[in-house]
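As structure tokens, the next two blocks hold two forms of the same chain, structure 1 and structure 2.
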Structure 1
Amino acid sequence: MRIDLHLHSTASDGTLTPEALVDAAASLGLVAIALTDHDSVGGVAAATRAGIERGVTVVPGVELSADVPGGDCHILGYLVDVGHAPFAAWLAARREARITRGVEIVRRVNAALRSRSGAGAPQASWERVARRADLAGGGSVGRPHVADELVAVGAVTSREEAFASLLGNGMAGDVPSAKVPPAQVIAVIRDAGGVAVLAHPTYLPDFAGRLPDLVACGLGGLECLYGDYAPDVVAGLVALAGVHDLVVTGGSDFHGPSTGAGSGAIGVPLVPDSVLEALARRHGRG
């Protein structure tokens, strides 16, 4: 039986609602999914309700960004207590920081567009980005919302092109997030009763060298099955997980059709439900 433990919804930068994700997963025959929105557990309740109707187990999850020089360190939190008040407050503060950053991303991207094409250049509007991200409803704004706005104003034709030309790492719209060290991110997840898992490890420069420190901070798992990882990459990660006694997890990082993120399809790569059993055992260990 198959599962997918890395999915984004409209509670952050995915294009499908939590209910639509559950529907899609059920149609594909998945028995369990985890919702892992950036800095938000706002979609978990709706997904859980839909999951009860459709016979899909919904694992409460979240994806947090930690500051590491020169790379993306994303840490997934699984089986977190979404009602834990300090956790909710911490997430709300992170979403606030995303708003400040989002305003700056729009400012810098607009400046880049003007320097490229002059005064008549298409310009993104922060107000529209805020609506796309549903900030009034507690949404979590990120670069993908700016990408969608750039598509809407005709500056680019897709999210992928927006990242390739303006928003990708090192480009005009790559504004750093407020600095939070990985140790703090892992502690926040554990304090909320969750298991902390390093997402898409290869995106983190020298991940193998950094792993002992992360494990010392309480990291509990490694996302070995991810997106389009080749079999040899997966095998290397699984071996590394064994060395550090980390639970092996996996998921698609699906953000919606044609969004250019993750594998691009729910349930890809194939993740067996034994992965969730192992995660639950680790959760029980505390």
Structure 2
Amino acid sequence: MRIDLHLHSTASDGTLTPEALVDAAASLGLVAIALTDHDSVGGVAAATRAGIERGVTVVPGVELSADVPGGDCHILGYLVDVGHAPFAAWLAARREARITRGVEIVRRVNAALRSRSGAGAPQASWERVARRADLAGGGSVGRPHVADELVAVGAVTSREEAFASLLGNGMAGDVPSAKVPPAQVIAVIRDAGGVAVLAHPTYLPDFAGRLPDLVACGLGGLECLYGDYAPDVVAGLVALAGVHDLVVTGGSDFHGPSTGAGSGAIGVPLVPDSVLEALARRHGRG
């Protein structure tokens, strides 16, 4: 039986609602999913209710960003207690930091558009970006929401063009995010009763060399089944997980149709339900 432990909804930068994600998973025959929105667990309750109706187990999750020299480190938190007050407060502070960053991204992008095309250039609206991110409902704003607004006002024709011309690294909309060390992110997840898992590890420079320090901080798992990882990459990651006594997890990193994130399809790659069983055992170990 298949599962997908890495999905994003409109509670962060996905394009499908939590309910729609559950419906899609059910139609594909998945027995369990994890909702892992960025800095937000705002969609977990709705997904859980939909899962009960559709017969899909919903694992409460989140994806948090940590800062390391030379790159970003994304850490998934699984089986977190979404009602844990300190955890909720920490996430709220992170979302506030994202709002400050989002306002600055919009300001810089609009200035760049005016510089290129004059006073009549299309302009992004922060109010509409905020609605796209569902900030009023506890959502978390990011560059994809700005990209969608740029498409809507006619500044670009697609998310891809927005990132290639305005929002990518080193461009007008590349505003640094607040710096949080991996040790703090892992501690926050563990304090909320969750299991911390390194997401898409090959995206992190020298991930193998960094693993011992992350494990020492309490890392509990490694996302070995991901996106379009080739079989030899998966095999190497599984072996590395064994060396460090890390649970193996996997998921699509789906953000929505045609977004290009992760594998681009719910339930791809194939992740067996035994992965969730192993994650639950690790969670029971604390």
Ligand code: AMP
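Throughout, residue numbering runs from 1 along the sequence of structure 1. Superpose the two forms; the largest set of C-alphas matching within 1.5 Å is the rigid core. Owing to the predicted nature of the structure, the values given are computational and were not obtained by experimental measurement.
Of the two forms shown, structure 2 is the one predicted alone, while structure 1 is not. Each of Ser177, Ala45, Gly70, Val153 except one sits more than 12 positions from any hinge; the exception, lying at the hinge between rigid parts between the two structures, is Ser177.
Between the two rigid parts, the smaller one rotates 11° against the larger between the two structures, as C-alpha superposition shows.
Taking the core as reference, the Cα of Ser117 moves 4.5 angstrom between the two structures. On the core-superposed pair, the CA position of Asn169 changes by 3.1 Å between the two structures.
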